[in-house]
Every structure is written in structure tokens, then in C-alpha cells.
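Presented below, as C-alpha cells, is a lone chain in the form predicted alone.
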């Protein structure tokens, strides 16, 4: 198998493009050059650390350390879900709802793929399980954050209509049905667009990486199709459960709307 090795000099040459972006920001007065530099340095440091950690995990092939690494990935992703909310839930629900739904969805789909399709030996081999989890986790995180964001902002915007339905005898699920559907639809739209555009408009990252590493294109395509199906499953499972949990939290047992359980929005 032939593959091209990327040297530090190659990375330095590519970094010139980021420097040019910073220069463009200064020239146009965009004032994002500092954020761009910090983001670039942060990315390099994080990826290097991840590379070191993965190298160690690949050598150990330990279910304990693989599980701890997977848990750390989920916890960090949960923090990102909270950060993307304009009107987040108060208390432990702000972090717990999205993180729990993401943990369940990503774990179920990843374990399903490892046991039935990929079948590494052992099944928890970090060389396979962690990259799979990472791809599913990243997209599930996006879906859940979009779903919760859409749900909370829609409920706040349509408060009068929702309370009117509740006053007329509708249950909380009936009153928030339109908001829930819109939230789930928004959550699934990125993966729907990604599947529709794959191949003709864009070559997905995993497929491109495998081709660059020397894998035959048809084999890379099959892996990419598998990953897209897994991502779609994880995203839908996570988004539906998160939105359902959000509806439950934003109402009470007496079918009243409880916007007091939301943090104040931006001024």
C-alpha cells in the first residue's frame, strides 16, 4: 500500500494559507486575526495531543482505557452542546439532557457497527471504536444542539399560541407538536444534505482520507456509505430523544408551559 507522508515542512507550507487569512483580516479590518491565530494554534496542539493519546491506546487495546477515552469524548461534546444554546435549560438539565441523549445514541450506534459490520478483534479495539465513535459523536452533537436550540427558541417565540392550545385542552405533546417537528427537522437537515451531496458535490472526509492513504476507491466508498448510514442513525436517535426530553422539561405534569425553566436570552 502506497501513501504519501506529510512532513513538518509540508505543514508549515500549508500554514502560510492561514497566515494569509490573518493578513486579509487586517487589511479588511475584520478583526478576527487574533481568533484565527488562537484557533489554529489550539487545533494543532489538540490534534497532536490526540495523536499521542491514540498511539498509546492503540498499543494498550484495553477496554478500560478505551471506555474512559470514549467517555471523555462524550463529556467534552456535551459541553459544546450547552455552549451552542441561546436559551439553555436551567440547572443540571442544561448539560445533562444533551449529554445523556448523545451518550445513549452514539454508544448504541457505535457498538452496533462494531459488533455487526466492522467486527474488529476484540470488538472494543480503539483503532476502530474511537474513530467510529468520533465521527458519529460529532454529527450527533450537531443534531442535538440544533434540535434543542430550535425547540427552545420556537417555544419562546410561539408562547401565546402554545398556551392557547393548552388552555383549550390540548396535551403538552399536542400543543408542542409543531415545535417538536420543526426542531427534529432542523436537527436532521445537515445529515440529509450531507448524504444528498456526497459523491457528486463533495467527497466526504473519511473517503478522501482513505484514498489518500492508498485504499482502493471502491473500498473507500463502501466504508463511507457505512459511516453515513451510522451517522444518520445516531443523529436521528439523539435528536428525537433530546427534543422529547426538552418538551418534557418545558412543561409539567399539569400540562402547563414552564418557560421559567429556561435561562434568560441575550439582551
Partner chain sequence: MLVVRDLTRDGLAPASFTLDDGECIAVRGASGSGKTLLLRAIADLDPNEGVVTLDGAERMAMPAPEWRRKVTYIAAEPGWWTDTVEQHFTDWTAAAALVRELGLQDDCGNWPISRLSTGERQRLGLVRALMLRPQVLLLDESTSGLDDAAAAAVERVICARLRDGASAIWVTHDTAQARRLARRALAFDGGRMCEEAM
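Everything numeric here is computed off the predicted structure, so don't read it as measured data. Residue numbers count along the first chain shown, from 1.
One more form of this protein, predicted together with the partner chain, exists but is not displayed; see below.
Remark: residue 100 does not count among the residues lining the partner chain in the predicted complex, judged by a heavy atom distance of 4.5 Å or less. At a distance threshold of 4.5 angstroms between non-hydrogen atoms, residue 163 is in contact with the partner chain in the predicted complex.
The partner chain is not drawn, but in the predicted complex it has no heavy atom within 4.5 Å of residue 122.
By the criterion of a heavy atom within 4.5 Å, residue 197 is excluded from the residues contacting the partner chain in the predicted complex.
For the partner chain in the predicted complex, the listed stretch (169-177, 124-132, 89-97, 139-147) containing residues with heavy atoms inside 4.5 Å is 169-177. Contact annotation for 249-264: residues with any non-hydrogen atom within 4.5 angstroms of the partner chain in the predicted complex are 254, 255, 256, 258, listed in sequence order.
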